[in-house]
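Below, in structure tokens: the form predicted on its own, a single chain.
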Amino acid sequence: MSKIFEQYQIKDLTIKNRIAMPPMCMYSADNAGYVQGFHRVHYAARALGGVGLIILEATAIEPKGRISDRDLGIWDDSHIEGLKSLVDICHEYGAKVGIQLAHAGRKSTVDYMECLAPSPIAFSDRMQKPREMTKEDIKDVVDKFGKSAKRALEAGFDMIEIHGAHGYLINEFLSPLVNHRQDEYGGSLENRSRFLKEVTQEVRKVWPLEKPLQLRISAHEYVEGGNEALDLADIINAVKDEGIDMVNVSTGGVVLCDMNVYPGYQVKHAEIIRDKTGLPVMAGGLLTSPLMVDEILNNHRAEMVYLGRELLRNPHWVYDAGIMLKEDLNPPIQYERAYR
């Protein structure tokens, strides 16, 4: 059997194959953060298409932590019902479901709300200058991550992913490019890791130890003086004992920069994180070919592979991969005639 179609077990979670759909913002909620009909169709289609693990898009822990005012929210108990409906329909079609808990920090484009960041540095000249967070602000945001994790548990999610990538709030604290604080949250790697550590601790107060907690990172910032994979490995090693079980490895997004992208361009970073932390990883980056995905898994470069744009183009990638690799799969009965 191709490695793609092997089960993967992490904590109490059994995933039917090694393919994950990573968080991808859909900007399709209403301006109060509630699930809409689009979300039910979008996520159910990938579950029906055979994806093993679906991780919901960046879901904001507070209104001013949204990337846009069309982001999903989890800052209020009233969001639970809609989110649970997504979990339930994906479970019905055999997928496991995670949620990415997120705060946009200085990259929020909700113009009618202030944005927060570790330091008062705007992402670009087109975006508002953030307010530097006080220690009271930091404590408040940490608390909101914990309350959002409790709501995720009530909604029935199988996994939580903490969003520490792509230049959003946690990543801003981690990066020396944009964290210029002079207190215990800035400067040394230990200090820059402190906010992530406190968020992880708060989430783990309510998220059961038997359930997996994943961290998404940007393992390379593409600018001189920015974090690289070995720096992120040190950061993860400093916080992983707080309850991080797996790492979803991406790159970039912290500052404006040129990125050399090509099929598999982030996989080498995932290998470094896996090797230096001892944690299982998800790898990805413009992957389309089942043969390439199978190579990554068989050569133990990652435990799972995520497909983003490719699953937007083709919700049934998993079954198409089965045909290419001559696997005997069981597509939904409604679609069997397409695979005879």
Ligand SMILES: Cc1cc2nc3c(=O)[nH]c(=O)nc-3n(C[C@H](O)[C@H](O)[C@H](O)COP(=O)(O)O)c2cc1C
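One rule holds for the numbers: they count along the sequence shown, beginning at 1. Everything quoted here is computed from the prediction, not taken from an experiment.
Although not depicted, the form predicted together with the named molecule is the subject of the following passage.
*Asks:* Hey, in the predicted complex, does L297 get a heavy atom within 4.5 angstroms of the named molecule?
*Replies:* Heavy-atom contact with the named molecule at 4.5 Å: absent for L297.
*Asks:* Taking any heavy atom pair closer than or equal to 4.5 Å as contact, tell me whether M26 reaches the named molecule in the predicted complex.
*Replies:* M26: contacts the named molecule in the predicted complex.
*Asks:* Given that the partner is absent here, does T200 sit within 4.5 Å of the named molecule in the predicted complex, heavy atoms only?
*Replies:* Outside the cut-off, so no.
*Asks:* May I ask you to check whether P22 falls inside a 4.5 Å heavy atom distance of the named molecule in the predicted complex?
*Replies:* Output for P22 is yes: heavy atoms within 4.5 Å of the named molecule.
*Asks:* So which stretch, 31 to 39, 289 to 297, 57 to 65, 267 to 275, is the one near the named molecule in the predicted complex (non-hydrogen atoms, 4.5 Å)?
*Replies:* Looking at the other structure, the answer is 57 to 65.
*Asks:* Of S148, S250, S108, N227, which residue is found within 4.5 angstroms of the named molecule in the predicted complex when only non-hydrogen atoms are counted?
*Replies:* Comparing distances to the named molecule in the predicted complex, the residue within 4.5 Å is S250.
*Asks:* Taking the named molecule in the predicted complex, which residues along 267 to 285 bring a heavy atom to within 4.5 Å of it?
*Replies:* Residue within 4.5 Å: G285 only.
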